[in-house]
Each structure stands twice: as C-alpha cells, then as structure tokens.
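Coming up is one lone chain in structure tokens, specifically the form predicted on its own.
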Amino acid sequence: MLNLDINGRRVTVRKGTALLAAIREAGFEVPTLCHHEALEPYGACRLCVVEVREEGRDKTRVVTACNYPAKAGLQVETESEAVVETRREVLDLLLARCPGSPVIRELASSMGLHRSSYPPDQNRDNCILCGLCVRVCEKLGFTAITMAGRGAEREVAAPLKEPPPDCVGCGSCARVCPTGNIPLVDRDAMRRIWDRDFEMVRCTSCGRAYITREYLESRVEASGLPASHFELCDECSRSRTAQTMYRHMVLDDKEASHE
C-alpha cells in the first residue's frame, strides 16, 4: 500500500494503481473519453489531465491520470489552473473537430465553452480518434478495423475501406465509442454494422435476438464448448444460474433439516 495526497486529502491505494483509479477511489472525478475499464490505458483524449508533484521535487507536471501510476508521497490537483486550461484547450479542439457531437458539446459547456475558437469542421463525423473501437476489437481477438492514414487524414476504417471480412458483428466497437459515431442497427433479427448485414441468433428461452451467428461461431471455436452452451442471452443465463443456485440452497436446507 502507498499514501498520496489528492486535492489535499490523504489517500491510501495499492501499489500499481493507476492515478485515475486512485482519484476516483478518493471520490473525485475527472472527465475521460478514451478510457475503458476493460482496456489498457491509452492517454489519447488528454481530458484526464491532472497536476502532480512527486515527492522530493519542487516543480509540478501536468500528466494524463489514466496511464500515470500512483506513487508514494505524490501530490495531485485535479482542478488547478494549469489543469483547467489544458482541458479547455483540448475541448476547444474537439469542439472544432466534432461540432455536432452532443457528448463533446456537453463536456465543453461544462468548461464554459459554447463555441470553439477554431473554425468548425462541418464535414467531419464525430470520431475523436480515441482508439477504443480498434482496441476492443483487438482485445476480442479480431482485427476487423484499424487506424488508417496520417495527420488530418487519420481515421478508423476497415482494411481497403470495404466491409470488413473479419467482423463478426459483435457490436463491441459501437458500445465503447464515447461519441456514438459507429452506426449499429438491429432490426427483425438482423444487425447492420460496418456496411455488413448479420443474421441474429435468438435466445431459446426468451426468444430475443441477442448475438450474431458469426460471433456465436467464433465463441464456440475459441472456447471449445458446444453451441448449446450459448443458447441463452445473458439475462436468461443469469436467471437460470440464480434459479439453479436457489434450488441447490433449498435442497441443502432440506437435507440439513432431516439430519
């Protein structure tokens, strides 16, 4: 365990804890767009900046909290003048890049920014190049999408900018996208994403279309389990597990009462 100060409050966390996690454990919040608990820190959006002073040093630094480790004796300020100025500049740029994004507009408004000081790009989508979609795709073992291009031309795209053949339609990329920029449409047991149509498999209990056939097949192949193991949606699977546990508990109680 180690001790550090966050906004003047003494906080104790385990060694190896990321500073962002330590800040949140202390009850403080900093904005993030590129961070997700299921993925390694990336530091792309730069919104989680905080000001730190390490033990034994006089000068402070502005760092991204998501990928900066908590250290013993560290002094952290989450709303200092330097931090607020940096966040405002980041949001000023994002507001120009994605002027139509409700998420960006709301974050900018919370910092007192209602209009960007830069010329807005009205022809660009709401992608902020945070990389969450690409990273979650890789995390799941697929490489359906990637970062392509450089500089102003950089974008998230499928290889050759065609419907990605490696996509299984799991929808994880759309779910982690902080600005909702990846269209995903479920209709009549069909899913459309990345300009591809996927047939949905229905839960054998509730009948809800809950997973694409391609994603089901990939899970069967990766796990070695039969397809019947995945016949229930998550909600029905949890319900069945709870019922099984309850029956076992009742039986155990009855057996114990007869002893």
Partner chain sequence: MQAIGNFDELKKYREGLVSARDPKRKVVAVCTGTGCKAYKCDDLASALEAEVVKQGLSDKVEIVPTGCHGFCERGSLLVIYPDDIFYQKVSVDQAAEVVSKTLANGEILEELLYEDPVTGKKIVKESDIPFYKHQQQLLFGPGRRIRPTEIDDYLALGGYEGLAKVLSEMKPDEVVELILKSGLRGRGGGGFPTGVKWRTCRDAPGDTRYVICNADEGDPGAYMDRSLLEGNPHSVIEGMIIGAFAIGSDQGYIYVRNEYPLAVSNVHVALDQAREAGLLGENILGTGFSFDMRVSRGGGAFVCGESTALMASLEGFVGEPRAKYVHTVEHGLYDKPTNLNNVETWANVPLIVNKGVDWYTSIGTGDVSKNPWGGSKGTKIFSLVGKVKNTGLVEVPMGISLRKIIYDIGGGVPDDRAFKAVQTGGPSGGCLPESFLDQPVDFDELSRAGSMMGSGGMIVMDDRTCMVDVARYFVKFLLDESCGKCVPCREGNRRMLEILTRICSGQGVLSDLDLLERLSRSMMRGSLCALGQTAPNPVLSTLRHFRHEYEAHIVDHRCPAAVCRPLITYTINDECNGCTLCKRVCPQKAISGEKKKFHVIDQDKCDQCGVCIQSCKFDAIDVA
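Positions refer to the first chain, counted from 1. These numbers were taken from a predicted model, which means no experiment stands behind them.
What comes next is about the form predicted in complex with the partner chain, which is not displayed.
T32 within 4.5 Å of the partner chain in the predicted complex, heavy atoms: No, T32 stays farther than 4.5 Å from the partner chain in the predicted complex.
Does R61 make contact with the partner chain in the predicted complex, using a 4.5 Å heavy atom cut-off? Output for R61 is yes: heavy atoms within 4.5 Å of the partner chain.
Is there any non-hydrogen atom of R97 lying within 4.5 Å of the partner chain in the predicted complex? It does: once the partner chain is placed as it appears in the predicted complex, R97 has a heavy atom within 4.5 Å of it.
Answer for P159 alone: is it within 4.5 Å of the partner chain in the predicted complex, judged on heavy atom distances? Judged by the heavy-atom cut-off of 4.5 Å, P159 is well away from the partner chain in the predicted complex.
Only one of E85, D166, D125, E79 comes within 4.5 Å of the partner chain in the predicted complex by heavy atoms, so just point that one out. That would be E85.
Just to be sure I understand the contacts: of G73, P183, P102, G149, which is the one whose heavy atoms reach within 4.5 angstroms of the partner chain in the predicted complex? That would be G149.
Does anything in 30-52 come within 4.5 Å of the partner chain in the predicted complex by heavy atoms, and if so which residues, in order? Stretch hits, in order: Y42, G43, A44, C45, R46.
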